[in-house]
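First, one chain by itself in structure tokens, the form predicted on its own.
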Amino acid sequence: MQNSDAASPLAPEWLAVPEDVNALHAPMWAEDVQRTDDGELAIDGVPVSELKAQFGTPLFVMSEGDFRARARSFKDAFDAAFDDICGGVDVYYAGKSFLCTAVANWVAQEGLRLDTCSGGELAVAARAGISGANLGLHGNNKSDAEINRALDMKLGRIVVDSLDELERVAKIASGRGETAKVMLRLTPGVHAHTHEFIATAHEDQKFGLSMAEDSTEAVGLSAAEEAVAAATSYPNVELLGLHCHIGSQIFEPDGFAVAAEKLLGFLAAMQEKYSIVLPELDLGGGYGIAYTPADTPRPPAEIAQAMAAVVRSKCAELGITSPRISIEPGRAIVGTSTFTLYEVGTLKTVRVDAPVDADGKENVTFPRRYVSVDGGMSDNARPVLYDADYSAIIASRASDAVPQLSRVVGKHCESGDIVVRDVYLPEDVAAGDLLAVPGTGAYCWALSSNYNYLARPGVVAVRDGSARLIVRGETEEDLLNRDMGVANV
């Protein structure tokens, strides 16, 4: 038998046995999350037991102060780093990571702009009163209705993803007698060290215009250059500049540097060949956060300074004036601001074969405990979509028990319904305990579903010791109201 406090051969190499199962690994949590004197987790002084009693579980719990501070840190760091190059940076919060009207207002109040990628996200921005000049619209397949809405709202930019879409935007703008402000999304072919489904700058994927010379039927032209030539020929299109996004959850700055160099080189070549000056360059987002103790995110100032150094030197080498730079952080602002609160239900322990134990013995079985909670893949689809790793702690109390390798799972009828694949939780975790999973602000609520007819959780914002709902949790009545068979009974 394995000692409960020893490392399990079933655990991944990066997962260490914690010295203290109650300790919070600071990079994974909002700054105002702490344990109270009696061991309970609290956010800005509000204990999780109070949140459970008032709002129920599962529940997304967001620190408004932490969100605002991270938004300001990106704006301040990039403005300072690029001040001598282009007078600062336009920071667009990537609304796809998490968006509601409250968050849209925080973004505007902290001096950021907002990036959207659908008519629905534009509707949220409009409801929040965000000026169209401070909005951008992404998407690889924008509908005519979405393009018309963007023009109705006088958006500051429409990021065009293909030659077909460029033609459609030009046609719609012409029919309205208006001018569409356009950026071209390019795929620079930069490899980002991330999951295949969230790496977005390689050739074989749906986003962007290829910079490869053989990517179009036009002899000697890349799809990117053909789009530049076409955009400049449309009287109802104002070509603002270029855009790229190399992927998500990226920790190393190398990919950003290579992408910046390639796009600046392309911008200079277009300036020389077509005698046009493109005033803007968007270098996207994708900055990683800490989901587990193995993750090492970089502070915004370090990212900003590294990117500014590349832009500064490359523009000097090319002999061009730097375009106005913009970036699009989403996860890096909202991800760590939020944790998901669950209640523990059933527990079971299984025996799993391990190839070899610590003493070299073969075919030894080891225990893995399954801890079931009252949510799952309907409120966090990332583990099943991307093999994403998360962590968890017991939140309703402190524990003196030894750590035991555990797997936190949901209540859905799927074997892949895993919330946290591997984590050491105290041996005495029991039904009724509250668990907190950090780093769930980005792409968890946004990807949530009603699988198995579970109602989607609410989102609570905590500030100055007070909690309020910013997104109401669904009820069964909400779900049934959309069922026309029920409605007609």
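Owing to the predicted nature of the structure, the values given are computational and were not obtained by experimental measurement. All residue numbers refer to positions in the sequence shown, first residue = 1.
Only in words, not in the display: the form predicted in complex with a small molecule, which the text now covers.
None of 106 to 114, 410 to 418, 148 to 156, 244 to 252 except one has non-hydrogen atoms within 4.5 angstroms of the small molecule in the predicted complex; the exception is 244 to 252. Heavy atoms of every residue among 138, 330 and 443 are located within 4.5 Å of the small molecule in the predicted complex. Contact with the small molecule in the predicted complex, defined as a heavy atom within 4.5 Å, holds for exactly one of 227, 94, 405, 325, namely 94. Site annotation in the predicted complex: the residue of 286, 208, 300, 188 reaching within 4.5 Å of the small molecule with a heavy atom is 286. In the predicted complex, none of the heavy atoms of residue 368 sits within 4.5 Å of a heavy atom of the small molecule.
Heavy atoms of residue 382 reach within 4.5 Å of the small molecule in the predicted complex, making it an interface residue. Using a 4.5 angstroms threshold between heavy atoms, residue 274 stays clear of the small molecule in the predicted complex. The small molecule in the predicted complex comes within 4.5 Å of no heavy atom belonging to residue 431.
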